[in-house]
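Take a look at this single chain in structure tokens; it is the form predicted alone.
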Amino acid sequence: MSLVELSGITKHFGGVRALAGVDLGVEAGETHVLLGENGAGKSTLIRILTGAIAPDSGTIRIDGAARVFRNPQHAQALGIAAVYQEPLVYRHLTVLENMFVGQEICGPAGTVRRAAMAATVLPWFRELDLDTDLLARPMSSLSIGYQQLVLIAQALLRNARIIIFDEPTSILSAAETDRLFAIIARLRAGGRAIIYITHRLAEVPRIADHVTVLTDGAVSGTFSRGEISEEQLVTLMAGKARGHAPLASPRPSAAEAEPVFSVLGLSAPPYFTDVSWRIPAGAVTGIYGLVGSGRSEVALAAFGFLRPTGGEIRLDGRIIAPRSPKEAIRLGLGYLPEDRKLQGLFANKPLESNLTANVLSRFVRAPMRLDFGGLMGEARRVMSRYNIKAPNPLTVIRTLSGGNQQKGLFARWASRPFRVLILDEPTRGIDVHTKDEIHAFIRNLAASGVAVVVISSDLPEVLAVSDRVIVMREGRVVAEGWPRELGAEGIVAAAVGAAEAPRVPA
């Protein structure tokens, strides 16, 4: 019998399906690796397992008993803990305080009994070969690798029997990775169930007892170690994108033209190193890579938000060095951010304010005076052009559907005559119909002569809109070429570092 078993787990966010009837069982004393491309549903599944969100349907069983998690604390009480690639810690508190946060040992007068807390921790620190002197140090003084070990010790302190590791080695050194794997082997030998999420296929034979591949929110298959090859795993991860050809043939005259926008040997460690993108006008260049590949950070450096340490940025053959997004916009660069709620929308402002923010100067009639009638007319024209459904331009944008919010954000950037427009996750979290609309807008924008960059973790999207694709992994460009030339499996293989990954053209 599995220590933890999920049956028929489904989850939707609005009109977007995240999980579709997922079944997963993990036994005590085994490491079960969970693989999947960006957007496959791994993070949603982990949020359900840790009690952060509830499934729409399906059953979770612990030791054979059906459980409904009320909140993350309830999941912890049932023996579930998670260790993430970027540890969730209180950096200003000591290691000991982090270990007991929210569960301090207190005396009768409510005073914290630090000596008792330290004594309780000691057995777990010894099991993980951690020096007890660390307990008094602030968490901020520890490396990421040691912060992860502290969280593992915290999980053991709280009697966790099911420990989830979410991309734990993505920012660890080789020595730290070896140490983590040794600890996971000891945890497994001690009878704990380990769920291990990774995109590094080379780790699978080192650590997995079983591997499950998630594709488009559904289980593509579960296999024992050694039962499936790396090539077969890549094929499963590519999923429906394998048969997804580009919607239109590439425009060779545009895609092979002299680049209007380039980053050459650009570096900003630890995010990316020696990256070169050559972006022609009149074409869509797709940038694909897994989370942490550095794709968004390169765009932010070009847009003046992140300061590079080396390399150069060129626009129309001229070296530029924007010191702020404001300066980048003045130079002719636009950037639609990946998180519309936190980075893009003026959520409590009307649609009119959101649609006209980038062209406001056209409606200034005198100091401190705006042509409000002109702004309303412009907002109505934009709403009509981009099929934004709202009662009127004064509707507060946060009250609209996610798809209409995203079309509004796209329209704001597309309405200004930029030389280069970078679109970071332009269709994340919206329904299929609206996604198709935005794809058509993107292709029309490129056809008008704009150099368009689409950064996306949605492989079918990259194949649908791109004339050329650049693939990034771990802060470097690892492949580039025509979508038909690379193919879905070749793009995924390059992104995960599989042996059969295509090489970057010389």
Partner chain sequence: MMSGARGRTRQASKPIPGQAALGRFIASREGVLLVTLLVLGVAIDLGSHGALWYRANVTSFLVDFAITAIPATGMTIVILTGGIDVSTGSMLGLIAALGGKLLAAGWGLAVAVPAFLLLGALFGLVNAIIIIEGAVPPIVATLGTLSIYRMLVFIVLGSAWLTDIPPVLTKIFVTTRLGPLPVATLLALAVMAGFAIFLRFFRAGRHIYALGNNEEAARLAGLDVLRIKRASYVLIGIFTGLAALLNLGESPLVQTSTGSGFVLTVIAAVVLGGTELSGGRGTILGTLFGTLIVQLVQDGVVLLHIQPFWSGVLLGLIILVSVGLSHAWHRPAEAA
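Numbering follows the first chain given and starts at 1. Remember, it's a predicted structure, so these values are computed and weren't measured experimentally. Think of the rigid core as the biggest set of C-alphas that the two forms share within 1.5 Å after superposition.
Beyond the structure shown, there is the form predicted together with its partner chain, which is absent from this document and is the topic of what follows.
Listed residue that, although its partner chain is not shown, lies within 4.5 Å of it in the predicted complex (heavy atoms), from Phe181, Trp124, Tyr386, Phe305: Flagged contact: Phe305.
Partner-contacting position among Asp216, Asp166, Glu203, Glu97 - heavy atom within 4.5 Å of its partner chain in the predicted complex: Comparing distances to its partner chain in the predicted complex, the residue within 4.5 Å is Glu97.
Heavy atom of Glu104 within 4.5 Å of its partner chain in the predicted complex: The answer is yes: Glu104 has a heavy atom within 4.5 Å of its partner chain.
Distance check, Leu128 to its partner chain in the predicted complex, heavy atom within 4.5 Å: Looking in the predicted complex, residue contacts with its partner chain do not include Leu128, since no heavy atom lies within 4.5 Å.
Exercise: His433 in contact with its partner chain in the predicted complex, heavy atom 4.5 Å: So His433 does not count as contacting its partner chain.
Heavy atom of Thr111 within 4.5 Å of its partner chain in the predicted complex: Residue-level check for Thr111: yes, a contact with its partner chain.
Non-hydrogen atom within 4.5 angstroms of its partner chain in the predicted complex for each of Ser276, Ile438 and Phe441: Checking in the predicted complex: none of Ser276, Ile438 and Phe441 is within 4.5 Å of its partner chain.
Heavy atom contact within 4.5 Å of its partner chain in the predicted complex, the stretch among 217-225, 185-193, 134-142, 230-238: Of the stretches listed, the one contacting the partner is 134-142.
Residues of 275-292 having any heavy atom within 4.5 Å of its partner chain in the predicted complex, listed in sequence order: Heavy-atom contacts within 4.5 Å come from Val291, Gly292.
Flag for Ser324, CA shift 2 Å or larger between the shown form and the other one after aligning core: The answer is no; the displacement is under 2 Å.
Threshold 2 Å Cα movement between the shown form and the other one at Gly429, rigid core reference: Shift of 2 Å or more: no.
Shift of Ser143 between the shown form and the other one at or above 2 Å (CA, core fit): Ser143 C-alpha, core-superposed: shift of 2 Å or more.
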